[in-house]
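Quick setup: one chain, the form predicted alone, written in structure tokens, and binding and motion questions come after.
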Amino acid sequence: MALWTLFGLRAGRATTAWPARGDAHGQAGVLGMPRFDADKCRDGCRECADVCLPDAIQFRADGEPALDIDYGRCIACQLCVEACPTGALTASNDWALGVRERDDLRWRPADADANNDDGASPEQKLAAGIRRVFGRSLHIRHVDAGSCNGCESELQALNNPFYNLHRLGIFFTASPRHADLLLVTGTVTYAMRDALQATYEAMPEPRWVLATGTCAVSGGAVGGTYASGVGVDPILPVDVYLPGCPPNPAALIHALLMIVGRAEQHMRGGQLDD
């Protein structure tokens, strides 16, 4: 008997009850996207923008706030937190960043979202309601369109005993003809563009697309070169954007459950619900 099997039998069930019960998502204490407090920003200071490798932070010479922050480009390297002299940017463990609209990854003052309930259009709400009632399972076709394999490492963790993705009725499939969801990682290199489109066209309707990881959302730090694209958006319609470098397994599960209408969006206007 293998040692890990004996350990499993003695320790009991290893799979977490999250997200159905409890909060054992496995990401407590792990650093996520930095939070921004515009009130602490100092006029004329641009130290965070100067150290931001993927240009997720842009300095504006005029207007309020002084910074444009795009979490769709952020790689959570924490350099901006270290460089910020005023505490306007602070470390957090924010990870549930899946959004339906790309603009919800761009920071804006909280008041600007007073009339924006969940970021979903009426059509998206109706589709989510239908999926919540009738669609309890999901089959995924994954395409690596130019990833560094960081996202793939996190995807593999979905099938380990702790996350046990199958318990949620979600499965990976080898054929696009059996898939409901096209999960894309990487910047979408020029070499992979046609293959990605062909995979999408081979999928039956209805079909959804999940842009997974900062590279797939925006191109990240390496997009827009002679060989790399700037994410999935210019190629295919995206249903959910999930930034992160890479997004952790809990964030992946949250985004997948958003696709089938079993989880709500937590980030709006670049800020997570408290």
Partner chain sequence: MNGVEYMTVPADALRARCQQLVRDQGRLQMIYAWRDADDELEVRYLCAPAKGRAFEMWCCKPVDGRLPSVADIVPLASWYEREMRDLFALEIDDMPQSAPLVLHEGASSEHPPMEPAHPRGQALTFERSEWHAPEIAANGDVQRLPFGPVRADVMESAQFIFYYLGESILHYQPRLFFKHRGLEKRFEGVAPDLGTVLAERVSGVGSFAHAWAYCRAIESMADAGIPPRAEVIRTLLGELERIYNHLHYFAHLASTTTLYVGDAQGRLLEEKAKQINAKLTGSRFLRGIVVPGGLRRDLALDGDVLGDVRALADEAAEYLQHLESTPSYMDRLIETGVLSRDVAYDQGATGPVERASGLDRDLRRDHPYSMYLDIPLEIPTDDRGDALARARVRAAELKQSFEMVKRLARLNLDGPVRTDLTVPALGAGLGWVEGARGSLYYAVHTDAAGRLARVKIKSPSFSNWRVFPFTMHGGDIMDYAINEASFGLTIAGCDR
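Owing to the predicted nature of the structure, the values given are computational and were not obtained by experimental measurement. Positions refer to the first chain, counted from 1. Think of the rigid core as the biggest set of C-alphas that the two forms share within 1.5 Å after superposition.
What comes next is about the form predicted in complex with its partner chain, which does not appear here.
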- Note on the structure: Contact with its partner chain in the predicted complex, heavy atom within 4.5 Å, among 238, 245, 235, 67 goes to 245
- Three-residue site 164, 169 and 251 fully in contact with its partner chain in the predicted complex at 4.5 Å by heavy atom: no
- Message: Is residue 109 part of the interface with its partner chain in the predicted complex - any heavy atom within 4.5 Å?
- Response: no
- Message: I'd like to check something about residue 201: if you look in the predicted complex, is any of its heavy atoms closer than or equal to 4.5 Å to a heavy atom of its partner chain?
- Response: no
- Item | Non-hydrogen atom contact residue 160 with its partner chain in the predicted complex at 4.5 angstroms | yes
- Query: Might residue 21 be said to contact its partner chain in the predicted complex, defining contact as any heavy atom within 4.5 Å?
  - Reply: no
- Item | Neighbours of its partner chain in the predicted complex among 146-164 [non-hydrogen atom within 4.5 angstroms] | 146, 147, 148, 149, 150, 152, 153, 154, 155, 156, 157, 159, 160, 161, 162, 163
- Item | Residue shift check between this form and the one not shown, rigid core fit, residue 11 Cα at least 2 Å | yes
